[in-house]
Structures are given as C-alpha cells and as structure tokens.
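Only one chain is given next, in structure tokens, and it is the form predicted alone.
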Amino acid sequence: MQRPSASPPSGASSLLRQPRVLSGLAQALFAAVVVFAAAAMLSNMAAELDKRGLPLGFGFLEQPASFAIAEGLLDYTESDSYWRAFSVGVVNTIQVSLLGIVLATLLGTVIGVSRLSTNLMVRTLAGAYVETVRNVPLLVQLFVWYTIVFLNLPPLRKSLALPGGFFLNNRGVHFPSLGLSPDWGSWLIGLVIVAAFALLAGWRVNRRRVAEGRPPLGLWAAAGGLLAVALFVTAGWIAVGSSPVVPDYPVLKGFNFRGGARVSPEFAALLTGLTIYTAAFIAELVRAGVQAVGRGQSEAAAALGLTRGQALRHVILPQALRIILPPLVNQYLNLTKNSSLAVAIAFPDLVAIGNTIINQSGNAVQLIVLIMGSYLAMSLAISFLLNQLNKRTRFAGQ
C-alpha cells in the first residue's frame, strides 16, 4: 500500500526557514531591544536631570563662560560663551595633534631607518631610544618634560639664545613670526592673475595631450605648477624691493619679550612628549616596513649603480610605504587621543576646558557627549585621509 506523501510547506513557513530571513529577524529584534533600552535610559536620565534643574539640552552653551583661558589660536575673552570656550579647546587639540603628527612622522622615520644602519653606534642608539621611550608611560614622560625640563629653563633675563632668533626660558619658547606687509594686497592680486594664466595654459596643454593620445597632466603636476607660480611671483616682488610678508623677531624689552611669537611651557612639553613617544612606535613600523621589502630590490638598486641612500629613497621606502600606512593610521589616532593627557600639565585642550565647563554649569552629560563627538570627528577625519592615501599607494589588484 502506498503511503501518502507529505504536503509541501506553506509559503510563510518556507520563508521563515531561510537562513537570511532568520538572520534578518534576529538582527531586527536585537536592534529593537537596543533602541528600547537606550530610550528608557535616556528618559530616566532626562527625568533625573530635570529634578535637579538641569534640562537635557545644549542651550547653556550660550551662557557667558566667565573664566580665563591661558592660550589659544582663537580670540577669546571671559565674557564669551561656553561654546566659544569649548571651541578654543578643540582648536588647541587639533593644533597640537597636527604638529605632533608631522614631527613624530619625521623623527620616527629617521629613527626607524637608523635602526637598520650599518653603523653599530647609530643602530644601538636608535634601538635604545625605541626600547626606552616605548616602555615608559606617556604621562610620566609629560611630567618629566614639563616639571624637570621646561619649568627649569633659565629665567627671562638669562634666556638661552638659539640660532634663528629662538629664545628658551621658563616662560616658554620665543621665536620669529611672519606678518603681512602693507603691499600684500597687490602681491595677492598679482598672484591671482598669474595663476589664472597658468591654469589656462595648463588646460590648453592638457587638451593638446589628449588630442595626441597622451594622458593629461595629473593633480600633482597642477599643484607643482601653482607652487612654482607662487614662488615666481614672490621672488619678483622681493626683487623690486617689496615683500608680501615681513619677519617679526622677538626682542627682550623690560620684563618680557616684544614681537615674534611664543608657545607656553605647557604646549611645548605636550608637543615634545607626544612627538617623542609616538615617534618610537612609528620607528618600529618603518623598520618593519623596510625589512618587509624583498632583498632583491636592494640588490637590483645596487646593480643600477644607486648608492644606499638613493636606493632607500627611490626604491625601498616607496614600497615600504604601502606596508607602513595601514598601521600608521593607528599611531596617528593614538597621538590625537593621547593629547587628552594635556589636562595633567594644565594645557587648555578640549578635555581641560570641558572639565571647567562641567564644574561651573553642572551639565556633565552634554559636555561628555561633545568631547566624545569631537574626538570621534577628528579620528574619522584622520582615518578617511589616510585610507584615501592608502588606496592611491597600494598595488593594483589589492
């Protein structure tokens, strides 16, 4: 006797048995639970803050800050708002982070290449630097640079004079600055006119190259051409006895230096500590990247008659850059986030100023959100730029 065959599953039952559908439902359920929990916590927090007279909003940022900030690129007075004060901290953090990234990259590259030197003394000193700096906490190094080095520099009257108009004392570092001359407007007009003609000439050249079946000039060629135009116009202005900028040198007058620019001991200590600490990690990345390049590349460069320095500059480092860039992003992000330790040496970064605003206004939740958002935005910007560079330098097919 023939047994009856099982009936096929219905459409809904068959759909629910598909792994993709089950995975989607599980993810939707998890997202709903997370959203519900976050909404509940936010509602409870808003209710508790309202009981204490602290509404969950950012309107307080328009209130007068009523506290001084020792230094900053942005103009600021005590009558300015909390938002203006916080902006000063953000700009200070960006300033020290960008300078630290540039200086740490240069120093780390030199130290990393020195670790591979054939000279025993150079190789040993570079290795000792890396192993010492990497194994001492950054906070300790900042205290050393601030309290032992910069605060113990000679007093103002006995400042250490360095070449180039630099002066070191316990009030900071004084150095020459550049200011706009009365003729800078005419220089700018001349630069715009010449640059316009240069761009027109470049456009015509590219059209001719395309018509001839050759590739057009790229972005780097255009940037180099504009830089050459700027240098040409500036040299012409200087040749006729004028200049778009005038140097301003610091001169000791009375109880302080007049003219030039100055960075505080706090800024100098923070920048020095971040640079030296991060450079030790970048040096290891450079060493590993250079050693990862095949030995045959060095031998081929030597066969072409290149010196060791030329081979390193034109053959080895360009290939090592593709290996170094991905982990280098992490070091740049670490340097940016490590700048928050500035609060330990009284430099007014966004964390220090944010803490002051919290103590005065009591709006801790909003300030923590702003601080986290600021660091997140800076980190995402650095990651985006380095990832774009990584895409341009990696091998085809990767």
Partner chain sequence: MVALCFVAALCFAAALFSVALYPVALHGAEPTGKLKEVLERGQLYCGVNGKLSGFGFMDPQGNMVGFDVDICRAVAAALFDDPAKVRFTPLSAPQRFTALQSGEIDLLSRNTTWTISRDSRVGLDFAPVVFYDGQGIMVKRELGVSSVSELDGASICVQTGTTTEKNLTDYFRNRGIAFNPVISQDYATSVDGFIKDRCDAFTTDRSGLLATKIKYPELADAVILEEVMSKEPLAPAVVQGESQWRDAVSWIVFGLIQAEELGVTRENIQRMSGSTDLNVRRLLGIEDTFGEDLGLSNDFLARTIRHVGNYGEIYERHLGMDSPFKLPRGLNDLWSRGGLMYAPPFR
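Just so we're on the same page, rigid core means the largest C-alpha set that superposes within 1.5 Å between forms. Numbering follows the first chain given and starts at 1. Small disclaimer: the values here were computed from a predicted structure and weren't measured.
There is another form of this protein, the form predicted in complex with the partner chain, and it is not shown here; the text below is about that form.
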Q: Decide whether L151 counts as a contact residue for the partner chain in the predicted bound form under a heavy atom distance cut-off of 4.5 Å.
A: yes
Q) Would P155 count as a contact of the partner chain in the predicted bound form, using a 4.5 angstroms cut-off between non-hydrogen atoms? A) yes
Q. Does the 4.5 Å heavy atom contact test between R262 and the partner chain in the predicted bound form come out positive?
A. yes
Q) Does the partner chain get within 4.5 angstroms of any non-hydrogen atom of F167 in the predicted bound form? A) no
Q. Only one of V34, A70, A28, M41 has a non-hydrogen atom within 4.5 angstroms of the partner chain in the predicted bound form; which is it?
A. A70
Q) Heavy atom within 4.5 Å of the partner chain in the predicted bound form: which of H314, R258, R134, R209? A) R258
Q: Flag this candidate site as yes only if S66, T147 and A344 all have a heavy atom within 4.5 Å of the partner chain in the predicted bound form; otherwise mark no.
A: yes
Q: Could you tell me which stretch in 167-175, 221-229, 269-277, 103-111 has residues with non-hydrogen atoms within 4.5 Å of the partner chain in the predicted bound form?
A: 167-175
**Q.** in the predicted bound form, residues of 74-111 near the partner chain [heavy atom within 4.5 Å]
**A.** E78, S79, Y82
Q) Once you line up the core, how about S159: does its CA shift reach 2 Å between the shown form and the other one? A) yes
